[in-house]
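Read on for two forms of one protein chain; each stands alone as structure tokens, with the labels structure 1 and structure 2.
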Structure 1
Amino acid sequence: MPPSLSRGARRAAFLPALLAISLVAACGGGSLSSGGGADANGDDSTPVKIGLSVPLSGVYAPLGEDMTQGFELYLKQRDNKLGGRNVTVVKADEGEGPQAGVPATTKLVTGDQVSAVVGIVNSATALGLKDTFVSSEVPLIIANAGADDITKDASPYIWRTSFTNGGVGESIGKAVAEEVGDGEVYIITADYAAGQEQIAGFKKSFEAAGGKIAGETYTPFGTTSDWQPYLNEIRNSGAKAVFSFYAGSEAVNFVKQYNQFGLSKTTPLYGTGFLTEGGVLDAQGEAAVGTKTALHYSDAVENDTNAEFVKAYQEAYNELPTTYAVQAYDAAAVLDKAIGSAETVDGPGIGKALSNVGDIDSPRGTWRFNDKHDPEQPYYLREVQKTDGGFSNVVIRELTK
């Protein structure tokens, strides 16, 4: 059955956390003692201690819940073992930003002495933690935060199983150019770092494929509630289609007003997948039908691994999985392979082994880390359609082939 409306309504209000990026990120500094909850000499009887840092309270808690469920499902399916070793999971509450997330996550390393950490929703928090993990020689596997700069300089202790903002936008540019043909596209997004990075990625591939831009609007982030003046500009621009990035409540309101204004009948709406993902789509309902987006996952992806994953997730949690759940599920899969091959199961040993995990057989499709330690992964063109279970991002085709 689809995600419950109550959780969907909560996510719709809270999902701006998905890509919230502060221009000033707190710095994790100083030389810290090396983590290593497991026996560095390889005593198989000693559990491997793994930190899970996601929002457990506050406005971002729904994303943290999805990520926790994905991570814990992977462990449940393997009798609470990674790489054949028993696992002790130590949780930290990332909270709503770096002020809470940086110290809470740092404590997993300095106090709890974990061998690796999974999680982090907020990009400002991830940026603020980067130096801490590198200097401590403890791997951080980021399972959501998308700021491009997080993995700008590759480190054996910084990895990401989610996405880069620019990469998501770039994945759909060529497809939009092909579908629009000789027409022009109007761009509209929230004016903050995530919106700017996703639009920059889109423009890169869209213009390279011959696409033309009718106009661009960057709306005030977090304060815009009335899109009518912007929708008038779109209508008067003569654009053949619109490309957008919004998340959370802004995505809900924008898509609903786009539909109410009548543009959905005349001017197709495209975007990155966060425009219609998870609880956002529940809240948008009929207004989102026909919207096309790109993302690296949908519960409708057709492969055997995803079919098994969706079934298991529904049985465990009585709802369909989201992208956020898959990103954490895959973080566990990455650790499973790394711990299984590591010479030592402390931070340096796991960090070294992460470089050799190779292909990950994921519900999203097979992927692997690139040289910056970001996922080299499939992206899918998805269209919102009404299905027997409600509304779904139905996969039209893979964009990376």
Structure 2
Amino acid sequence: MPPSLSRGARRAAFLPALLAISLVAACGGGSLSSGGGADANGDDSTPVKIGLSVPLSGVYAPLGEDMTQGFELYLKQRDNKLGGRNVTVVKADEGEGPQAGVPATTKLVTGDQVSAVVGIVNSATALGLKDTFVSSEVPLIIANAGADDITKDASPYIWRTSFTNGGVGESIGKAVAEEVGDGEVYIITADYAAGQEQIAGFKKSFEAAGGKIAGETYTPFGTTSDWQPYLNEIRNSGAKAVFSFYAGSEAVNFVKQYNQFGLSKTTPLYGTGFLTEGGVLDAQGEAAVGTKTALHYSDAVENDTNAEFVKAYQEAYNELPTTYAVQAYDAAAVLDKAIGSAETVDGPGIGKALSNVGDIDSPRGTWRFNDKHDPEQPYYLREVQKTDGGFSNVVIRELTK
């Protein structure tokens, strides 16, 4: 049975237990515990301070909320401990891009003196932060941003629990070429690192499989609200299908306008899975039906870890988990293992221990870091369908290269 991404009732008040954890985290409190390795002073009882930097504002704020929920659920399930140590979470607002995200996240390292940071949605922000983390010897566990280059040096201080932009784009190129056959595909995407790299990955496998491009448009990121002129160009191009990367509120607006313009009746829409993921799909509703995308998680992936995770997530937040939530949940799992085995619970000690975390028992299925510090994982072809539970990304099949 292929898994499906169904989304039912959503957004309820946080459970009191979760609130309690957040308050403890914000105050830096909680009882001291032993476990894990000693810190740089040989003391194994002090809490470990972890930064969480995700967008609380801007186009990607909904993704940040999902990531916070995933990270906090993992902590709640472990009595607010990672590697046996109490955790103090220090939060930062990544905002919409590097201008806000780089200084806010840098302050976690230089001001708050955290031992590691989890988060970062935007590729441009991740690229702007890389050198700071490498030179400060503080591990950054990227729980979304897919910038290809960020892991190219396999630094002990840069790890990623999400995907590479090139990888997720490449995963679906062959499938689109096979489905579209002789016709040409028009490309439209947000104009920044994530869009450029996902399209480059898509073109690599699409063209290798014989696919042809009708035209390409790169729209200004964060400021585009009217897609009408671009949709006109697509119609005039005679393309048989469209391939796209958008996420967050841009994905909502693009897909709704694509449908209002009448293109979804004539020109099938494909993309990377961010186009229809999570709350975005709730907002798109009927307009997204028939859209086909690729991604590495579904709430209906059939394994015991996912069954337990989905149940716990629904109990905590009264909604189904998203890929963004799983990526942050897994970042906490990775840190849990690394802190538990680190010789010293500080940046260099955790960075070293991250090399040896081995298999991660994740809701997406068991995965491990490759030699670049990115997850080795399968991707699924999904189609938006109307199901009993609402609108769902129903998984059609696992994608092959």
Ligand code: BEZ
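Here, residue number means position along structure 1's sequence, counting from 1. Heads up, when I say rigid core I mean the largest set of C-alphas that superpose within 1.5 Å between the two forms. Only a predicted model underlies this, so the values are computations on that prediction, with no experimental measurement involved.
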| said: The form predicted together with ligand BEZ: is that structure 1, or is it structure 2? | reply: 2
| Which one of 109, 163, 354, 94 is found at the hinge, the spot where the C-alphas switch from fitting one rigid part better to fitting the other better, between the two structures? | 163
| query | How big is the turn of the smaller rigid part relative to the larger between the two structures, in degrees? | reply | 19
| query | How much does the C-alpha of residue 195 shift between the two structures, in angstrom, given a rigid core superposition? | reply | 3.6
| note | Superposed on rigid core, residue 261 CA travels between the two structures a distance in Å of 8.3
| In Å, how far apart are the CA positions of residue 245 between the two structures with the rigid core superposed? | 4.1
